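Just the one chain here, laid out as structure tokens, in the form predicted alone.
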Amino acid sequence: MTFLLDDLLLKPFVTVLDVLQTMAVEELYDVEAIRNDLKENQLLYELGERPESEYERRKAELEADLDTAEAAREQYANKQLEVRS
């Protein structure tokens, strides 16, 4: 009886938390958004709207962010990502 009550009371709560955690990880480590920013940076440089020094600085930042996001998503997919407060 206790197990049935636990399943009825706790399982929906845990499921909602899992969904919220997945959404937070997807938004925090949005790989597609970072790739789009890389493309935008390249385009602005090619159009002459961004100087080379700024282009290189921003490219390095975005590539570091992309590496971090890809690693975090891989860890999350393998259930190895720890969320710390």
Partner chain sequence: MSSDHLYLYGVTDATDLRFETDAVAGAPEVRTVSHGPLSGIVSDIDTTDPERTDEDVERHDEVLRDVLTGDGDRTVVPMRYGMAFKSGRTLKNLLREARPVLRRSLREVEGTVELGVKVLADAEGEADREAVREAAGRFDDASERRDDDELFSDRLVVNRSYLVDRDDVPAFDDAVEAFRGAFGDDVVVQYSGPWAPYSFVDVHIGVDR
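As the structure is a prediction and not an experimental result, all values here were calculated from the model. Residue numbers count along the first chain shown, from 1.
If you look for the form predicted together with the partner chain, you will not find it shown, but the lines that follow are about it.
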| property | result |
| --- | --- |
| Heavy atom of L43 within 4.5 Å of the partner chain in the predicted bound form | yes |
| Contact flag, E32 vs the partner chain in the predicted bound form, heavy atom cut 4.5 Å | yes |
| is_contact(N36, the partner chain) in the predicted bound form, heavy atom dist at most 4.5 Å | yes |
| The partner chain contact at L47 in the predicted bound form, heavy atom, 4.5 Å | yes |
